[in-house]
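Take a look at this one chain, the form predicted on its own, written out in structure tokens.
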Amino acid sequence: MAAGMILCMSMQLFCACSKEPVYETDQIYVGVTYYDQSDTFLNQLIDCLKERLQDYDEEGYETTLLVREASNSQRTQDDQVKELIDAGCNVLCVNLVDRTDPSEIIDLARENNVPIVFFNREPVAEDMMQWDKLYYVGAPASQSGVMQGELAVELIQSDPLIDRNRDGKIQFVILEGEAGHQDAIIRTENVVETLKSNHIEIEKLGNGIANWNRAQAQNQMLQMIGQHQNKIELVLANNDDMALGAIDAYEKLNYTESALPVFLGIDGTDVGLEAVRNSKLAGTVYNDKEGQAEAMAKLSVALVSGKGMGEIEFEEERYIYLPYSKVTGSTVEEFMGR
């Protein structure tokens, strides 16, 4: 009997020690790390997150936000995650530098029982299964490419002058995000397929990798203009900053308005929307930063406080996707100042 009692007590002690601590507190310490501070959309998204977390202060929570940017270095970001955990953050929001290399971040978070909300750059599905406290908030990349393609189709079908050389084809170039980046690949593939599936005759003249950056896009566009001169009739960019960089290139070369191609972006940043309103961009695809920020804030609070998880709608138990919207000159005012 004595041996049995000792065994039972030992098993209870082992179970108690192996059980992970569960946060149930109204003090929410959110640590954010994102890939690069030059990304206009992410800066605006994080500003929205700050505002949404402040709203929870009025509901009786105490929220604190620590933000770090990784200067496009995965090693730096790994170190930042450790720093944020050591600083007391009890939930992390991570925009990965390298979406294929989150293992060290996941290991650090799991060892300290700090849940992670990945955002904007979706980790590989297998990595999301490494731990049950990993979540993702973003938007379906394929939808943005399809919508950008639909915008192009509508413009081409409504304005025959876009085909300036009257050859029955639309000569186009693409400005892509990062080489190998999931969203860049998916956006590019889907915009082209949408044009083809709507029976638009197209001819690709070139493409440039501009890393989501306006200045790099300007340089890439200057090179393509040098190669193709006035043949370019449509410029498709994976985000607004690169679309605006393409416009900068034409302005630098003093092209007249009648000689400009049609420009389309993605994200609906403040500067992108302003360009649509001023008819510099023919359209963009709105990436719902407000909705994503709200989802990130709500999920972060629920994960730490233990309240409200049942009210959150997930796909496959850990994904939250917010839909895109098409923006044109006739609808842009609906999106300004959201």
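Counting begins at 1, following the sequence as shown. These numbers come from a predicted model, not from an experiment.
What follows is about the form predicted together with a small molecule, which we do not show.
Enquirer: Taking heavy atoms only, is residue 212 within 4.5 angstroms of the small molecule in the predicted complex?
Expert: Close contact exists here: in the predicted complex, residue 212 approaches the small molecule to within 4.5 Å, heavy atoms only.
Enquirer: Applying a 4.5 Å heavy atom distance criterion, does residue 286 contact the small molecule in the predicted complex?
Expert: Outside the cut-off, so no.
Enquirer: I'd like to check something about residue 183: if you look in the predicted complex, is any of its heavy atoms closer than or equal to 4.5 Å to a heavy atom of the small molecule?
Expert: Close contact exists here: in the predicted complex, residue 183 approaches the small molecule to within 4.5 Å, heavy atoms only.
Enquirer: Given that the small molecule is not shown alongside this chain, does residue 28 nevertheless sit within 4.5 Å of it in the predicted complex, heavy atom to heavy atom?
Expert: Flag for residue 28 set to no.
Enquirer: Taking 4.5 Å between heavy atoms as the contact cutoff, choose which of 190, 171, 120, 218 touches the small molecule in the predicted complex.
Expert: By the 4.5 Å heavy-atom cutoff, the listed residue in contact is 120.
Enquirer: Picking from 295-303, 58-66, 309-317, 36-44, which part of the chain touches the small molecule in the predicted complex when contact means heavy atoms within 4.5 Å?
Expert: Among the candidates, contact is made by 36-44.
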